[in-house]
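The data below hold one chain only, encoded as C-alpha cells and taken in the form predicted alone.
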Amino acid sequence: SLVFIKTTQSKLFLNQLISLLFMLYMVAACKAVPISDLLDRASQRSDRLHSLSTMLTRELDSHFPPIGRMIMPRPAMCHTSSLQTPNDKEQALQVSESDLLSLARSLLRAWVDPLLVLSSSANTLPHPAQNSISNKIQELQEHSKNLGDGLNILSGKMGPAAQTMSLLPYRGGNDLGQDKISKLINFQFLLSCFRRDSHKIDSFLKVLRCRAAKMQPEMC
C-alpha cells in the first residue's frame, strides 16, 4: 500500500514537471518569434473575433422584437465606454505602440465576465437559432482567450507600458431578465457592446501590425 502511494505520488510529480517544462518551452518558443509575426497572428485572431460577433448580431436581428430597437440602451451604456480610445484609424496612428496594445488588452480583459454571462444566458435564450447562437458564443470565448494569451506574450516583448491595463469592471449581473423580451434586448445589447469593442481591438492590432511591417500610414 505504501509503495503504491509513493508510486502514485511520483507519477503525479512527473506529470506536473512535464507540464511545467512544456509550458516553459512554449513561452520560450513564443519569445523567439519576431514581434511582426506575433502581431500578424494576433490580427488574424482579432479579425475572426470581430467577424464572429458580427455574424451573431445578424443572427439575433432575424428575430428581434421591433420594440427592442426602441428601448435598447445606447452604446454609451456599455461597461467599457469609460475607456478613452481613438475614434478612427487616423487617431490610432497617433497613439504609441505600447498604449495601443494596452488599450486592446484592457478591452479584451473587460469581456471575460460578460462573455460568461452571455454563454450561460445563451442556453435558455428564447430565439429560434438558440443552439447556433450558443455554439458561436462558446467560440467567442475560445478566440478571446487565445487572443488574450497571445497579447500577454506580446506585451512582455513590448515593455512595461504595454503591460499596464485599465480596469473596466462589469456590474451588469448574471441575470439578463425574466421575460422573453427583456432577455433578448439585454442579450442583444451586451453582444452589440462586444461587437463594438472587438472592432476596436481588431483596428488597433491592424495598426500595430502595419507599423511593425514599416508600411506607410496611408497603406494601413
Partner chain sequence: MMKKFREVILLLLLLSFVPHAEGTRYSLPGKPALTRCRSPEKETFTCWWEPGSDGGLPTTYALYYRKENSETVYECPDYHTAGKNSCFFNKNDTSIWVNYNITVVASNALGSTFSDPVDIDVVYIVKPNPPEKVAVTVMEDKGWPFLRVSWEPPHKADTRSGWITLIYELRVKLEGENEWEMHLAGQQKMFNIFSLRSGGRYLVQVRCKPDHGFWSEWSSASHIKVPDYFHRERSVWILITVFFAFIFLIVSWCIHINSHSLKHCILPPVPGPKIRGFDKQLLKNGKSEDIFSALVVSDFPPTSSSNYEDLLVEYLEVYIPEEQELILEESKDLHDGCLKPKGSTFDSDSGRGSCDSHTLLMDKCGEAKDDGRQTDQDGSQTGSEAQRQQAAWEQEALTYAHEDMISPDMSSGRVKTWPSVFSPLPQYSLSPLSQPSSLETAKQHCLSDSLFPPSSLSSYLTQPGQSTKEYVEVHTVNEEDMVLLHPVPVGHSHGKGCLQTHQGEDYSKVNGVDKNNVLLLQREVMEEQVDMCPCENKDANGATESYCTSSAQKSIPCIHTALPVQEEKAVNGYVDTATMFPLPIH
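Residue numbers count along the first chain shown, from 1. Only the largest set of C-alpha atoms that superpose within 1.5 Å between the two forms is called the rigid core. Just so it is clear, the model here is predicted, and its values are computed rather than measured.
Here the subject shifts to the form predicted in complex with the partner chain, a form of this protein not shown in this document.
Can you confirm whether Ile35, His143 and Asp149, the three residues that make up this candidate site, all sit within 4.5 Å of the partner chain in the predicted bound form, judged by heavy atoms?
The answer is no; none of Ile35, His143 and Asp149 reaches the partner chain.
Though the partner chain is not shown, can you say which of Ser182, Ser51, Ser166, Gln163 has a heavy atom within 4.5 Å of it in the predicted bound form?
In short, Ser51.
Okay, which stretch from 169-177, 182-190, 43-51, 153-161 lines the partner chain in the predicted bound form, with non-hydrogen atoms inside 4.5 Å?
Stretch 43-51 is the one.
In the predicted bound form, does Leu83 have a heavy atom within 4.5 Å of the partner chain?
The answer is no: Leu83 has no heavy atom within 4.5 Å of the partner chain.
Is Ala110 close enough to touch the partner chain in the predicted bound form, meaning at least one heavy atom pair within 4.5 Å?
The answer is no: Ala110 has no heavy atom within 4.5 Å of the partner chain.
Even though the partner chain is not shown here, does Asn87 get within 4.5 Å of it in the predicted bound form, heavy atoms only?
Heavy-atom contact with the partner chain at 4.5 Å: present for Asn87.
Give a yes or no for Leu93: in the predicted bound form, does one of its heavy atoms lie within 4.5 Å of a heavy atom belonging to the partner chain?
Yes, Leu93 sits close enough to the partner chain in the predicted bound form that at least one of its heavy atoms falls within 4.5 Å.
Need the contact residues for 194-212: heavy atom within 4.5 Å of the partner chain in the predicted bound form, sequence order, or none if there are none.
Those in contact are Arg195, Arg196, His199, Lys200, Asp202, Ser203, Phe204, Lys206, Val207, Arg209, Cys210.
Using a rigid core alignment, state whether the CA of Lys89 is displaced by 2 Å or more between the shown form and the other one.
Yes, the C-alpha moves 2 Å or more.
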